[in-house]
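Here's a solo chain for you in structure tokens, the form predicted alone.
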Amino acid sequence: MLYRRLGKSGLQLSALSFGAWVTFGKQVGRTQARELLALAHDRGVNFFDNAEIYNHGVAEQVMGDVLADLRFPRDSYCVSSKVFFGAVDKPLPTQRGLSRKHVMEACTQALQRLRVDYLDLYFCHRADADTPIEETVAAMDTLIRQGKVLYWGTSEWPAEAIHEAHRIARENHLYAPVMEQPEYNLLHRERVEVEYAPLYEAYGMGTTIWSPLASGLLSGKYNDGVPADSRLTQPGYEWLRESALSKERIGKVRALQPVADELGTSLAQLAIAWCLLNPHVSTVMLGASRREQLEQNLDALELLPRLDASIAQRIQQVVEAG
């Protein structure tokens, strides 16, 4: 396994990590989750990602039960949660958002579900227009000083809001956000490569990127339709299916297949390894519901040394021309 620092922090995360979005508590039960987490940890993965909204807290409960059952040394892995959307269906105003009340209570609930004493990483899952950034930064600072959180960050925040959070933290001697968790893949690049570019230099922020396969599209499995057992068939994810499966995007994926064939690899491994060419990507979060799928995705690291400048340029040309 390759390890990368989380931005300018001293924390080193596995270049490939494992997340519970969509799958845990739905496609993946405790038995499967145990197999997947054990495999990932055995292969050197040391970061497991979660959130209060994932299956309304059930994903965290499944992960927490499995981590307790597997008895990994607590200092051998990092676990995260995210706060904003709430963990209940149709949350009340005090059960969602980034108010001090919800941030503090959501953290306590996440610790209980995950069965840990502290969260290594805690993300503000979206920006909250109804809460002053000062209040959220102060709440995160409190959690860190209480020992409940080690590092806090943002997820899909506008760059200007992240700048503001850093200004507030600096002027008030509070802990600032260390990382961002954005979507990043061959078909979704501008935010990470353009909008966030000043953040890496100014604050040394790291990124824990999600959806490296564009919700599975970059694996090629949707080139001829939507398989019945895929995540895009799950109830509540119709919006994801509609945004992911455009003719233009599928056309680009098909055009990438010859590149993967020449390298003797899969489209999925090519797409995952490509994300790691970006030095500002601290870790690429994988999501898998089957052992063989996770094994293949973890093998993407073997491809990374072969992605030289000429291959990267070919990939760029295909995506731009697709």
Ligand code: NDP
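Numbering starts at 1 and runs along the sequence shown. Just so we're clear, the structure is a prediction, and the values are computed from it rather than from any experiment.
Here the subject shifts to the form predicted in complex with this ligand, a form of this protein not shown in this document.
- Using a 4.5 angstroms threshold between heavy atoms, Lys101 stays clear of this ligand in the predicted bound form.
- Contact check for Thr131: every heavy atom lies farther than 4.5 Å from this ligand in the predicted bound form.
- Residue contact check for Leu270: none of its heavy atoms lie within 4.5 Å of this ligand in the predicted bound form.
- Residue contact with this ligand in the predicted bound form: Tyr196 places no heavy atom within 4.5 Å of it.
- Only one of Gln61, Asn46, Asn297, Thr265 lies close to this ligand in the predicted bound form, with a heavy atom inside 4.5 Å, and it is Asn297.
- Taking His125, Arg249, Arg96, Arg113 one by one, only a single residue has any non-hydrogen atom within 4.5 Å of this ligand in the predicted bound form, and it is His125.
- The stretch from 207 to 215, 136 to 144, 162 to 170, 105 to 113 that comes within 4.5 Å of this ligand in the predicted bound form, counting heavy atoms only, is 207 to 215.
- Not one of Leu16, Arg191 and His280 comes within 4.5 Å of this ligand in the predicted bound form, counting any heavy atom.
- Shown here without this ligand, the chain has only Gln181 in 166 to 198 lying with a heavy atom within 4.5 Å of that partner in the predicted bound form.
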